[in-house]
Ligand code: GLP
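Only one chain comes next, encoded as structure tokens, the form predicted on its own.
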Amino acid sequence: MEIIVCKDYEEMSRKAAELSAEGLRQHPDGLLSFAGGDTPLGTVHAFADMVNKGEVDISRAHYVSLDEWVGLSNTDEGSCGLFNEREFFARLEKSFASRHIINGAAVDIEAERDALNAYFAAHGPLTVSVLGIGMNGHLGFNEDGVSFDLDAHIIPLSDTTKRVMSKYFGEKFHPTHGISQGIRQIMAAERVILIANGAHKADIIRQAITGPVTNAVPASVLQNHPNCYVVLDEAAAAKL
């Protein structure tokens, strides 16, 4: 695990994008995944800029989303799919060879989980996985207590995640489950990049990086990954 401390959010975002591009250059027909949300926003924008400038080629590469709130599709406000569509794909002047965006509004959510696993079977393992970290240490919707042996799965949301989700939905939507890539799929990635910014993430970053490896803090499993970068701003790194 290599820890990289950056001055601020902008530097953290650029560094994570550069590491993502470097990984994809080593495996041009590989599989890329970005987390959605506030933390990865700058990274996604910076990576799209690199693609548009010709600094990294995605024409042979594949893309898969990390997770989704069960009940939401990629046209719903607050969804991870809409984040991908609006903040990433809409900015790209070039296209991936293929992409798979999880549909949390699928009538048959188990079939949607199976389709995610099938996409991994066809195009995986991940070449680059860019992850944020939840306040409870979750990766995607791999919530505290999750089995590290799972592939894609549907999981009840933790109380912590339910509290945080109000910033996305207010009182309009109260999801109870998420659908997510599993820890086994994340740990099989050639390169994992965990990003975090802000003082509010300092405690959970310290637990994930310096504490025991435990599913009580799912991100702690990344201590066992052979090629993991942890890219932080100074505030998120303050308690290391």
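Keep in mind the model is a prediction, meaning the values are calculated, not measured. Quick note: we count residues from 1 along the sequence shown, nothing fancier.
Form predicted together with this ligand: not shown, discussed below.
> Residues 70, 158 and 175 are flagged as a possible site; in the predicted bound form, is every one of them within 4.5 Å of this ligand by some non-hydrogen atom?
No: none of 70, 158 and 175 comes within 4.5 Å of this ligand in the predicted bound form.
> Residue 30 near this ligand in the predicted bound form, any heavy atom under 4.5 Å?
Residue 30: no, not in contact with this ligand in the predicted bound form.
> Quick one: does residue 42 come within 4.5 Å of this ligand in the predicted bound form, counting heavy atoms only?
Flag for residue 42 set to no.
> Is residue 35 one of the residues lying within 4.5 Å of this ligand in the predicted bound form, judged by heavy atom distances?
The answer is yes: residue 35 has a heavy atom within 4.5 Å of this ligand.
> Quick one: is residue 66 in contact with this ligand in the predicted bound form, heavy atoms, 4.5 Å cut-off?
Looking in the predicted bound form, residue contacts with this ligand include residue 66, since a heavy atom lies within 4.5 Å.
> Just to be sure I understand the contacts: of 168, 120, 88, 96, which is the one whose heavy atoms reach within 4.5 angstroms of this ligand in the predicted bound form?
Filtering the options by heavy-atom distance leaves 168.
> Please determine, with the chain shown alone, which of 127 to 135, 144 to 152, 97 to 105, 112 to 120 has non-hydrogen atoms within 4.5 Å of this ligand in the predicted bound form.
This holds for exactly one stretch, 127 to 135.
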